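Read the single chain below, which is given as structure tokens and is the form predicted alone.
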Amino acid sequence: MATHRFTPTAYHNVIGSLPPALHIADGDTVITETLDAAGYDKGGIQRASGPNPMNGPIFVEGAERGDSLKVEILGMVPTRDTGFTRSVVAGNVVEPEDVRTLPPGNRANWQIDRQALSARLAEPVAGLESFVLPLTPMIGCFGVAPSLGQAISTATSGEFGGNMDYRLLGPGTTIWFPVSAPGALFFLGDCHAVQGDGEIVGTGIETTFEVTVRLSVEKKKIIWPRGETADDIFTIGNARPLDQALQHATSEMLRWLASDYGLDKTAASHLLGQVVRYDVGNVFDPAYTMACRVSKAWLQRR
């Protein structure tokens, strides 16, 4: 298995069936440096426009429609000492009568300590003078080319992945995407140093990273993304309204529990009814994200 250091010469604000920027073999590892969500590199130079410029696409040999692309997030190393967020929660996450009382949502700058692996506001506001956060790196936007030759904005998400902003999509996590185009055509970008559930201010702490992923092809059909951490398995649904995203995630989990764990719908319902955890991904952008998560402690593979 080879390791490729991928330096993009162009970036994309869509995920779609575009000419590959890199060809790799099944099981190869890719190391690449991302831009931030506004298109700035580690030196603070704007290389692309927003939203969420992507590195890629990467063509994985052997990937065909109906397969799954397995993406192992092996490492994320911050490459810049600064990041940014918006300063106020989005209007759609508060009661309508409260929207008019929200202050302007200005840009807020953050200092990133790459030795201590922490972040703090560059200009702390009253009450948060000692507010220091440990870094919890995650990939905000990544995925594979959608079906039917579509090219879909990196502002949103779907079955193919995209701008999911789910905080568990960081180092140590494996995620599978349904392949709809030859070579899968994998895209990656929009990394966050820290982010709470929902990305409710419209950003995480947006900055740049060196990201290492291993890309492998599995001859297994899935409909929505699936993921695994050391402790849990999860499925992801992307849609609006939020209940539709939850439905997609739950149906994909029922399929997974049947195929890999031998549980029929009654057994899976008993299990999920008592131990499932639902996590909110993005609730800011056009499609919302819900994750249906189950602890491995309750599971036994068939």
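Because the structure is a prediction, the values reported are computed rather than measured. We number the residues from 1 along the sequence you see.
The form predicted in complex with another copy of the chain exists for this protein as well; it is not shown, and the discussion that follows is about that form.
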| item | value |
| --- | --- |
| In the model of the complex, segment of 40-48, 268-276, 55-63, 25-33 with a heavy atom within 4.5 Å of another copy of the chain | 268-276 |
| Whether Tyr11, Glu72 and Leu215 all lie within 4.5 angstroms of another copy of the chain in the model of the complex by heavy atom | no |
| Partner contact for Ser87 in the model of the complex: another copy of the chain, 4.5 angstroms, heavy atom | yes |
| Partner proximity in the model of the complex: Leu117 to another copy of the chain, non-hydrogen atom cutoff 4.5 Å | no |
| Touches another copy of the chain in the model of the complex: Val94 (any heavy atom, 4.5 Å) | yes |
| is_contact(Val132, another copy of the chain) in the model of the complex, heavy atom dist at most 4.5 Å | yes |
| Sequence-ordered residues of 143-165 touching another copy of the chain in the model of the complex, heavy atom within 4.5 Å | Leu148, Gly149, Gln150, Ala151, Ile152, Ser153 |
